[in-house]
Structure formats: structure tokens, C-alpha cells
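Just the one chain here, laid out as C-alpha cells, in the form predicted alone.
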């Protein structure tokens, strides 16, 4: 077994389960759910699954926009900022806890998410 985070978490099935739970949490979080109004959530979830698979070291099937381009409109028009980014990372951590992922792997996932902050926020 390889030692990518993707494999440690349980591969495709684990990422699929995590994304489904994650978006349930995000859509019920009043700090950030407005960013998803009018978004096709099936399409969004599919993109997120492909992105997390890639980010966590799994097979690359991500063909979406890069993080800067994909979030630029949210930064410019809706004020996406560090507080919102933190809420997303918090929801990711809570999702992984709910799936009984060990703390060190949750920290690894949060560290990977953190590497996207500057691009997501257009810095």
C-alpha cells in the first residue's frame, strides 16, 4: 500500500463519503453557505471529489479551473476571505472526524488545504 493521504484515508470510497458529508455541513453553515447559492451541487461535489483525490495524492482526474480562477468571482463580488476559508477547513476537519479519521491524517489534510489559501483568496 502506498503512503499517500488518499490511500491512508481509504481511497475513492472515502473521498466520496467525505465530500458528501462535507457539503452537507457547508450548506448548513451560515458563515459560508451563501457562496453556494445557485450552484449545481452535484457538479460541485464531482469537482471537489476529483480535486481532493488529486490533492491527497490519488489518481489525477481533476480538469476544473485552478483555485485562483475558480474562486476569483467569489473574492471580488462576495468578499470571500480568510474567515470563510477557515470555516471551510473547519468543516473539512469535522467531516473527517465524523468518519473516524485519525487526528494526524486530519492535520495532514488541513495542511494540504492550507496550501491553497493564497490562490483561493487571490493573493
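What you are looking at is a predicted structure, and each value in this text was computed from that prediction instead of being measured. Residue numbers count along the first chain shown, from 1. Rigid core (definition): largest C-alpha set, two forms, superposition within 1.5 Å.
If you look for the form predicted together with a small molecule, you will not find it shown, but the lines that follow are about it.
Chemist: Quick one: does residue 44 come within 4.5 Å of the small molecule in the model of the complex, counting heavy atoms only?
Modeler: Yes - in the model of the complex, heavy atoms of residue 44 and the small molecule come within 4.5 Å of each other.
Chemist: Are any of the heavy atoms in residue 120 no more than 4.5 Å from a heavy atom of the small molecule in the model of the complex?
Modeler: Although the small molecule is absent here, residue 120 would touch it in the model of the complex, with heavy atoms inside 4.5 Å.
Chemist: Any chance residue 15 has a heavy atom within 4.5 Å of the small molecule in the model of the complex?
Modeler: Taking the distances in the model of the complex, the answer for residue 15 is no, it never comes within 4.5 Å of the small molecule.
Chemist: Consider residue 54 of the chain shown here, and say whether it contacts the small molecule in the model of the complex, taking contact as heavy atoms within 4.5 Å.
Modeler: It does: once the small molecule is placed as it appears in the model of the complex, residue 54 has a heavy atom within 4.5 Å of it.
Chemist: Honestly, after the rigid core fit, is residue 28 moving at least 2 Å at Cα between the shown form and the other one?
Modeler: For residue 28, whose C-alpha is compared between the shown form and the other one after core superposition, the shift is less than 2 Å.
Chemist: Does residue 68 shift between the shown form and the other one by 2 angstroms or more at the C-alpha, the core having been superposed?
Modeler: After core superposition, the displacement of the residue 68 C-alpha between the shown form and the other one stays below 2 Å, so no.
Chemist: On a rigid core superposition, would residue 91 pass a 2 Å threshold for CA movement between the shown form and the other one?
Modeler: Comparing the forms between the shown form and the other one, which are aligned on their rigid core, residue 91 does not shift its C-alpha by 2 Å or more.
Chemist: Look at the CA atoms of residue 64 and residue 23: state whether they lie closer or farther apart in the model of the complex than in this form, given a difference of 3 Å or more.
Modeler: Farther is correct, given that in the model of the complex the C-alpha spacing of residue 64 to residue 23 is increased by at least 3 Å.
Chemist: Assuming the CA distance changes by 3 angstroms or more, are residue 27 and residue 65 closer together or farther apart in the model of the complex compared with the shown structure?
Modeler: Farther, not closer.
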